[in-house]
Every structure is written in C-alpha cells, then in structure tokens.
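Take a look at this one chain, the form predicted alone, written out in structure tokens.
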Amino acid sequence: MTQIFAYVPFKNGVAEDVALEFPGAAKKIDAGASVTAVVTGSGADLDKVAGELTKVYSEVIKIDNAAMAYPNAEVVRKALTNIIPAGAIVLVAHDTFGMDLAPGLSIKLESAYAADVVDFEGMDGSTLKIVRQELGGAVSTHVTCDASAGAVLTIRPGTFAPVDGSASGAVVDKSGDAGDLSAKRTFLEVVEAEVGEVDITKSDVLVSIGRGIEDEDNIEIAQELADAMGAVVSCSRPIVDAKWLEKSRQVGTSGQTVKPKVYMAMGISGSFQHMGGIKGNPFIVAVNKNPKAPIFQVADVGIVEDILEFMPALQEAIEAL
C-alpha cells in the first residue's frame, strides 16, 4: 500500500480548500492508499486546523514550533524531511509557497519531483502516471514518474473533486521529531494587498474580464452586465498591466484570491496563475472565442462566442426577466 502524505497550508485558523482535494488526488494515485495530513505552525490556530482536518483524514500529524509561526519553506522543509518516511509520496499545493517548498524537499528526501499536476492515471508497479499542463494550459502532457523512492508532487488547486468531511481521525503530535529548525531566512512582515474602492474578495458573483475585452472603453459593457447581475467586475493580469483597472480588481496568484459563488470568465484564457486565485469551487461560466482555451477544462458551462456580443445579449435577457 502506498504511503501518501499531504502538506496542508492554512491561514488564520482555516485550512486552504486544497485540503479537501488532496484525498481525491491520492485515490487516483492508489485507490487503497492511506493518506496522512501534515500541518505545521504554532499555537491555537494550528490546534484548530489539526482538529478540523480529522474530519477529512484518518491521521493528522501536527508539528508545533515557534519557528513556524509564519510559513517558512526552509524551516518546513527541515521538519518534513525528519518525519516523512523514505519511499512516501508527498502532495503539496501548487501555489507560491508550495513552489518554494517542494523542489528542495524532493532533494532532501532523494525522491522524484513533478510540478503542477492536474490529473493521475494511476500506478503501474513503481511507475506513477501523471498529467501536467504546459504553455499556460494550452497543452496537456502525460508523464511517467519513477516513484520507487517516493515522490514530491505539487497539485494544482481546484483540479480534483473535494471530499466530504465524514472521517473521524486522530491528531498525532510529532513536534519533538522535527529536529533542528534553525534557518537563514528571517520573517519580517506581511504586506497585505491594497483594497480598492471595490473589494472583489467579498463578492458572491464576479464578472471577470481578460484580453477578450479588446479595448478599455469596452469595460463599460462588462460593468453594465455586472450591474444587471448584482455582481462586481474583476479582471485578469493583462487588464491591470494595461492600466485599464486597478490592481485590487485582479484575480490570480499575483492578485487577489476570491471565493465567489458564481464566476463569469469573459475573454479569459484560464492560465493556472489566474485560476490559482479562485477558491471555493464556484460555478464557472466561461465565454471565449477560442474553443481550445484552457478555461473550458475547468468551466461548468463553456460558451464559444465573442464576449462583446455575448455580454449585451445576456444583460438584455436578465433585464427582461
């Protein structure tokens, strides 16, 4: 049976959504695998998260140390190296922290490494079959990975179905096994992103625009649709780079993280940097002229159409109701 460990990130006492997706990813690797969650940090928030994770995992390893009060990949890497057994598979979220943590962890564990995994085709002996995406999601690649000595894999958030919290696991405190957690890095401060006149992180419905909007003057079309829907206009990075909307409206790993109930992706290709900013499994409607746009792979409804024609038509239909 394959041993699989999932490193679960959290913030302010709440585990990231990917915590519910790791077990689904693990089952696609090996249906009979045991999955153990690992959380690191310090204090009451760590205890709270570890307790909540017992509803999802049969075992939750907790490492409590003041050196990990703020996530530091250098320190976490040392701790995980000391508690994860040889030959195990480790799942890490493919986000900015995970991309810092995972490569070095694979070296320390002397195991294989694969990044930005979006699917698995199972294990054949010690060979793990992986699906990744290249060129901003335009191409899917099928990769074989020798996992005989284990593997560290970064999982793209939002690509595996979340599980329900019906487990009744136990917390195992391995703080004493973490070893020396001294580090050359020193945490200084958290600089929160500026919030503009509209806070897109609080909206239940977002009308998000990308390159397909074509011209700054056309943003008014998106705003009129948003007004009709009771929504807020957000955007992808090219719109901010063009200085058509402020940075506080940007969704993505280099912008804001949002958790709407409905996400209208208008003229957005759907790169993983953009999709990495969308949490909570919203209902995604994607409209794009390119039928091969990566956004269609994650959308609940995909429409191949020019957004400059689609948005006024949708607005008119909504107002008619």
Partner chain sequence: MEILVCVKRVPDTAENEFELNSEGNDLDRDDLVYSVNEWDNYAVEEAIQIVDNLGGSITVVTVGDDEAEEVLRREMAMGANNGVLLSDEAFEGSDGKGIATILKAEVEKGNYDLILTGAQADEGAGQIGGMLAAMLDYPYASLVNKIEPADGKIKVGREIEGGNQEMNEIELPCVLSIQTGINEPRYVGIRGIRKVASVDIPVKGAGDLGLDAGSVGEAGAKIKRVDYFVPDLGDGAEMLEGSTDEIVEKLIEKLKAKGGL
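Rigid core: the largest C-alpha set superposing within 1.5 Å between the two forms. Since the model is a prediction, treat every value here as computed from it, not as a measurement. Residue numbers count along the first chain shown, from 1.
Same protein, other form: the form predicted together with its partner chain, not shown, and the subject of what follows.
Using a 4.5 Å heavy atom cutoff, 94, 247 and 261 all lie near its partner chain in the predicted complex. Heavy atoms within 4.5 Å of its partner chain in the predicted complex map, among the stretches 146 to 154, 173 to 181, 79 to 87, 159 to 167, onto 146 to 154 alone.
In terms of contact with its partner chain in the predicted complex, the residue from 67, 285, 46, 33 that brings a heavy atom within 4.5 Å is 285. In the predicted complex, its partner chain lies within 4.5 Å of some heavy atom of residue 254. Remark: residue 241 counts among the residues lining its partner chain in the predicted complex, judged by a heavy atom distance of 4.5 Å or less.
Among heavy atoms of residue 58, none comes within 4.5 Å of its partner chain in the predicted complex. Contact annotation: residue 134 falls within 4.5 Å of its partner chain in the predicted complex, judged by heavy atom distances.
Looking at 289 to 315, the residues that come within 4.5 Å of its partner chain in the predicted complex, counting any heavy atom, are 290, 291, 292, 296, 297, 299, 300, 301, 302, 303, 304, 305, 310, 313, 314. Annotation: Cα of residue 250 displaced by at least 2 Å between the shown form and the other one, core superposition. The two forms, fitted on the rigid core, differ between the shown form and the other one by less than 2 Å at the CA of residue 169.
After superposition on the rigid core, displacement of the C-alpha of residue 34 between the shown form and the other one stays below 2 Å. In the predicted complex, the Cα atoms of residue 25 and residue 296 sit 3 Å or more farther from each other than they do here. Cα-Cα spacing of residue 242 to residue 99 is reduced in the predicted complex versus the present form (difference of at least 3 Å).
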